[in-house]
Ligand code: AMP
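As a starting point, one isolated chain is supplied in structure tokens, in the form predicted alone.
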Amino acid sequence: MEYARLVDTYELLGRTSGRLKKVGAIASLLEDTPAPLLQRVVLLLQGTVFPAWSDREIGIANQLMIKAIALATGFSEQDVVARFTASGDLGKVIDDLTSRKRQRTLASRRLTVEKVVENLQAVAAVEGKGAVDRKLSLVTELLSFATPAEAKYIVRTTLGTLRVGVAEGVIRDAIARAFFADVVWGPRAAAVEAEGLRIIAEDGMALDRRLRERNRVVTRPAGEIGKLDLWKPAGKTDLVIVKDDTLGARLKAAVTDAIEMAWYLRSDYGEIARIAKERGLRGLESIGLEPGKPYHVLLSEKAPSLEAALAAYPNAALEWKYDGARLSIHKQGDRVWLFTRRLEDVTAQFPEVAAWTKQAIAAKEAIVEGEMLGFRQGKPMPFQFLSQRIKRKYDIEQIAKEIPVQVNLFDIVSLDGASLFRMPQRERWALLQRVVKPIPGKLQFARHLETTDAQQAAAFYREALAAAQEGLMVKNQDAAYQPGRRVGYWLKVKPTMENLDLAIIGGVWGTGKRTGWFGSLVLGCRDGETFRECGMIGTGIKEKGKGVTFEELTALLKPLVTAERGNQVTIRPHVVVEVGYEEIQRSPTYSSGFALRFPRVVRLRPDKGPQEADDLERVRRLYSLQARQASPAGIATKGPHV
């Protein structure tokens, strides 16, 4: 498939602001894409060449891209830098330079989607001596054969700055539109205007005469219209029209629910698109848990107090909320995989946990969940301490001695190939205890208490805090397990107003002792598909020593810089930090409408991606809660610098 077809869609998306139009443009592309290529095309639409669960990155920063642009166009690096300084977008720079290219390639050929993905994935795999030159060669090869528009999007994809408004929700809806019929009912049914569609309508509906004349309409009794009619390749149907609200809503939800659940279990919309095209709803609904393939875990909601959490469930189970890393442990025969909540495979970093799993779990195949703690001199340490091991790729044996770990298990979601999602929490906990033979101090069960008595719960809460843990989880024992969602089945209770997990979206180069580092950073909360500024931060970060340092943050953030204006930079949302603050204030200048007063970095959150940062609605809720507890907050006057 020619890359130009994808570029045409990029251009259309860039000119389109409406979400429905974006969904339609992508759906059209997906319908035209051969099934074997869907995975690559969907990844490129999302501005990457790796699925969400992969920890691989292309690894090209601005400086190397400047060299590649100079080589591909024949202009000097100084020319490229000057234009980049003026525009802040290397994609725009190469679009302009390629249009006036001084250097011609000896041969020309049309770029394909396959070639673009192949080269960019190869860039990520290059290591060792001569790696920089090899990376440069792979990128330059693509740019040399690209048209101006193609070159622009290759550069943006490589740098992670595609920015065409294609969030996960847009991809999900585009898959639904591309491969499944739309469903309308009630007042919408009478207003349908269409031409050239294949329509199934419920018997007895008063359809407009022009609708019947301009489309192929087949009528059926309501009882004969089912979800299998919705798959376009098999049902040959573009639209289903029914009278009954319940039937219409059920058919509509069948598609969105199947795609969403498939995402929670696979985290690769490219694979999901291929399955949808080739096998329809049955294919999507057949996707299940597989050992060795990460899935999105059930998420908890924040409760305002222990009393409120207890009142939420008639049958509650309380567990310590450990200050560690959520771990999904997969066992199949003699093989073990360990995944974080961000779907990262950390099996190699924790060989002792893999060994404990083989010893403790007698079942041939199982997937269990727990929280992993790091220790120093026998004392549990905060997550930030443990993250040193999670990020370490080398000298595993040495760091394992420096940071020993303990895993506290609290759930089981699969046993011998059977999913346990529909099993109530109470039964899953009992089954976990039967399947696992704990190894005290190493692989053991989470501290657990079943009670609705407020005094017992309060005592259990104090024990958790005294043990340097975050608080309690309060779980509904009658509830099933819903992957990937916050559905109110688990509530977490902490002793103070919650800190915020925010993405770093900008920065200012430091001066004096902070020269060479970002001296202050812009924080952003999610608002749909974008991020809104809600504060500037420079405290809680150290110049050197233990804890989060300016040097560490600068090293993490420099490859993510997408634009520079003087000493101010715009940063692609990727790094998430936990932020404490004195209060939330109204702000007339920050785009979120709020500002954090005296914010401070508590810790990095490498276990969270930008899509898991707190959203604007949560900031609003905390502001409202704060307003009820104290006098109204003041007005912040200091706005963002970038």
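Definition used throughout: the rigid core is the maximal C-alpha set that superposes within 1.5 Å between two forms. Bear in mind that the values here come from a model prediction, so they are computed numbers and not experimental data. Note that residue numbering follows the sequence shown and begins at 1.
What follows is about the form predicted in complex with this ligand, which we do not show.
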task = Would you confirm whether the three residues 326, 410 and 473 all fall within 4.5 Å of this ligand in the predicted bound form, going by non-hydrogen atoms?
result = yes
ask   = Which single stretch, out of 351-359, 482-490, 118-126, 555-563, brings residue heavy atoms within 4.5 Å of this ligand in the predicted bound form?
value = 482-490
key: Interface membership of residue 279, this ligand in the predicted bound form, 4.5 Å heavy atom rule   = no
request  = Give a yes/no on whether residue 321 approaches this ligand to within 4.5 Å in the predicted bound form, heavy atoms considered.
outcome  = yes
4.5 angstroms heavy atom contact with this ligand in the predicted bound form for residue 341 = yes
ask   = Is residue 300 close enough to this ligand in the predicted bound form to count, meaning some heavy atom within 4.5 Å?
value = yes
remark   = Interface check vs this ligand in the predicted bound form: of 227, 296, 392, 494, the one with a heavy atom inside 4.5 Å is 494
ask   = Using a 4.5 Å cut-off on heavy atoms, which residues of 366-386 contact this ligand in the predicted bound form?
value = 371
request  = Superpose on the rigid core, then tell me if the C-alpha of residue 597 is displaced by 2 angstroms or more between the shown form and the other one.
outcome  = yes
